[in-house]
Ligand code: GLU
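As a starting point, one isolated chain is supplied in structure tokens, in the form predicted alone.
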Amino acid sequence: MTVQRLDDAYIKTLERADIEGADVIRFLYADHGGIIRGKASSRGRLAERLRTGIGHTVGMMAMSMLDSLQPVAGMGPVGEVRIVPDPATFTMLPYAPGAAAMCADLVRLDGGPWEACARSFLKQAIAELAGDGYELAAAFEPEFTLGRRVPDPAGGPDRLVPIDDSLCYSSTGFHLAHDYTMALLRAFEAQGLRVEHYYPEYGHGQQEVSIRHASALRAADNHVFFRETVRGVAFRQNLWASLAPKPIPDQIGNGCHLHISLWSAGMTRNLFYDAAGKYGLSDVGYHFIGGLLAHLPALLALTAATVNSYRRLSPRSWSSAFACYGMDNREAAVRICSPLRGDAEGSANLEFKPSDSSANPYLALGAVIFAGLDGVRAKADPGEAVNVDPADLSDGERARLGVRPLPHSLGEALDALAADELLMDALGPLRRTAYLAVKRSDIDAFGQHDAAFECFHHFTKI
């Protein structure tokens, strides 16, 4: 972007803030714990802060989801970065009168991208794609639980009690969540988030809303605003909404499947589509799957990124528990999605299933891009499609097909990440050191407590 275009974007943002009455403007970023954090500027100082950013301690990217600062070199009490907002993401917050928000980068004092900034990691992945002549379209497909936060009768941590006990896709679920849902969908549309589908899902109080696909960076930014809006609208109605993977131990978990398609430069041609290919998928699409499967154990450390995530990833839960792919197979880690009639090329896409909203969306999508692109470059062979529930196969059949169980815990996934040279190199020394430290501290902390403690801290924060 040229200096002139930056100036135009700043001016437009300042004009919108004045006209639309933004008294406070939040600069939001996602940390290594998957928490959305930030600081805010007053409208009177916005012109200055758009250019300088807001000062921020380097230590915050070594903070766990329990607000425990981890001992990471270069992320202690000494040192400063700037939270610099992207004016293209400016939006008023319909659920918070007088407030607006922008997604932000964490930037060094000299103006360069900070090596621990998650949004910059996704930009790095996008640049790698562009270098090979590709662009990626993506959509996050999140589920969340709507309910009320209530005290535990036994004196333990507060619990999340679902708003209803309706059945999957039932009209009862539509009725009981109607007032909240209408406020939510209107808030999405007011922010430019184009709603594709909404329905009550399988779990009690569980909702699913799909936002239309966008370019990779915009899709991740959209998911930050999605998370903020789901919770913000609930709080305004004296409800509680959680996108945590398993906010209630005995209920169905909340996923956030990633839908992706690879396009030629300028988004002119969907490179995953081949009318003559098996299942309508091109060789490039199969190579991309090969890359995802090759790096899958390590990917999970970034896409199913909390201790709580692994309560959800179990066989016969439609969440995926095995490393395989298949045509419309919702028990496979990667699903080839059947295209829409009349728009076969435009709708050809892959669904990456072992993913949830406890992940930092920039790290998750960036890692998926690096893994898939590695497969494309290496012309990786994904093997045979698995078009049955992999849990129904014998051990011998799974071995023949190369179907492996996914990591059973965050610790296993982190070990796989630490051993994955491609992803560790992409993350870089500072980011990978901080990420592993934060996640291992969460494992240690939650390992000292029971499921009620774990679920409380996840449903109240994600």
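Quantities reported herein were computed from a predicted structural model and do not represent experimental measurements. Start at 1 and count along the sequence shown; that's the residue number.
The discussion below concerns the form predicted in complex with the ligand, not included here.
Stretch-level contact analysis of 266-274, 141-149, 209-217, 281-289 against the ligand in the predicted complex, using heavy atoms and a 4.5 Å limit, identifies 141-149. Using a 4.5 angstroms limit between non-hydrogen atoms, residue 194 is distant from the ligand in the predicted complex. In the predicted complex, the ligand stays beyond 4.5 Å of every heavy atom belonging to residue 124. Interface membership of residue 198, defined by any non-hydrogen atom within 4.5 Å of the ligand in the predicted complex, is ruled out. Put simply, residue 319 is close to the ligand in the predicted complex: some heavy atom of it is within 4.5 Å. In terms of contact with the ligand in the predicted complex, the residue from 204, 231, 257, 295 that brings a heavy atom within 4.5 Å is 257. This chain appears without its partner; in the predicted complex, the one residue of 312, 82, 159, 227 with a heavy atom within 4.5 Å of the ligand is 312.
In the predicted complex, every residue of the candidate spot (253, 330 and 353) has a heavy atom lying within 4.5 Å of the ligand. With contact defined as any non-hydrogen atom lying within 4.5 angstroms of the ligand in the predicted complex, the stretch 21-44 contains no contacting residue.
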